[in-house]
Structure formats: C-alpha cells, structure tokens
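To begin, one chain is listed below as structure tokens, in the form predicted alone.
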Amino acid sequence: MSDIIALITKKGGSGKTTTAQALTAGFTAKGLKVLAVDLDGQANLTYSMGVNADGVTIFDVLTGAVNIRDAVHHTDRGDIITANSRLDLADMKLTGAGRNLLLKNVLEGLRLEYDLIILDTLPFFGVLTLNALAASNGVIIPAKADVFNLNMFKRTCDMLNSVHQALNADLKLYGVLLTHFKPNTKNTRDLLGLFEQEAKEQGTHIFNSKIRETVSIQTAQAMQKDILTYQPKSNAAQDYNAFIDELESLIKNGDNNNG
C-alpha cells in the first residue's frame, strides 16, 4: 500500500506546491511510482508539471463524473491528477454526510498501483483540505522562515489534532519543512529557534533539511519544470534532494509523530 502524504499550510507562498513537485520528481527519479494530486483550484502544480488543466480533473473524480484512472496524466517526472478553477466550487458542490471521505474512497483503488501519493492542497481549511487529511497517513507542513508562518504553524497543528481525533486516527505529522531559508541572517537563526521550540511543544520536529531561498525555483516553474531537473546543481535542488533522502529514511523507519 502506498504512503499518502498531504502538504498542508494555512499560509500562501510557503513553498507547498514547489515541494509537492520536487517530491514527485525526486522520488520518481529514485525509481518509485509516484502520483501527485492537485487539490488547489489555482492549479499551480498542474501548470508546473506541464499538464493541460482543461480536461478531466480531480473535481470530476470527486463528483463521481469519471473514474479516477481516467483522470491520471503520465509524465516523465511522475503522474498527476490535475486541478482547475472548478475546484473553487468544492465547498458548495461536495455535499452529504460522507463528503470529507470522498478522496480517501477514490484513492483506495490506486494505493496498490503507486509507491507514493502526494497531495498538494490549497491554503484554506475547507472540504478539500479535510478530504486530503482524511485520505493521508502523513502530513508535511511547509513553512516560510518568517514570523507570519510561525504564528500559522500552531493554528495548523491545532487543526491537525482535531482531524486526528475526529476523522483520521492514523494521521501522522512527519514534520515541518522550512523554505525560503536564509541561513546567514540573524533573523532567520532567531526564527529557527522559535520554530524548533514550537515544534517541540507540538510533539514534532523541524526537518534537518532547509530549502534555501533562490530565484531559480520561480524560473523553473515558469519553464514548467521541477527544480531538480531544471537546475540540478542549484542550492534549492541540493536542499530538496537532501530532504527527499531524509523523508525516505523517516518513512522507512516509521519514525513520525501523531498529528
């Protein structure tokens, strides 16, 4: 059975989609079969992976219009189920007592076919985020190394704890990935200490790997490429490769924390 990992944050610009793309490409390069699911109506992951968002999307799957296998797009850097702006209607269109379990139910049929499934969510705790958390066994919180993301981190953990208790007892918080990291500044070092303190209080940890800030990430996305392929020797590519190795070890060892 594949691991299903959701990238969750309540703060935009935290590197969530970049991380989803890097994980998909990086684990695919390691020989794993990986599926990314774009759950954000902005469809940034869909665009970055070079896939047309006008066809069948995850919205069609969740509303029961198509079979999930008919929504899978294949690329040389991993498979993806796309999103488009119709997902903005999800909170109105996905109704009924079981609406928070729709994604979990449709992904069950694919879990034997993939080694890893990555869920890229929107920075809003609506029905799609709840679906992602209900379907996942692991969560990563990408957080920009600034005070606003620090404040949002605790609120995100509070929400994960609630979901763990009410919706998904198997949900684990793998940890916090700091992005836009500037290791040589005092402000970043101070914030790192505060993040580590908050993570300890929440029963989790900050990943050893930090993603250094670089303009090459934005350039790669504009070119519809992942940073590992576009500029493999860049700081960000090196950092993401280190993070992928760290996450792979954590998953294999089963060393994670309750959400």
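The shown structure was predicted, so the numbers you read here are calculated from the model rather than taken from an experiment. Each residue number is its position in the shown sequence, starting from 1.
What follows is about the form predicted together with a small molecule, which we do not show.
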Answer for residue 218 alone: is it within 4.5 Å of the small molecule in the predicted bound form, judged on heavy atom distances? yes
4.5 Å heavy atom contact, residue 24 to the small molecule in the predicted bound form: no
Is there a heavy atom of residue 213 no more than 4.5 Å from a heavy atom of the small molecule in the predicted bound form? yes
Interface membership of residue 172, the small molecule in the predicted bound form, 4.5 Å heavy atom rule: no
Segment assignment from 52-60, 29-37, 204-212, 66-74: heavy atom within 4.5 Å of the small molecule in the predicted bound form: 204-212
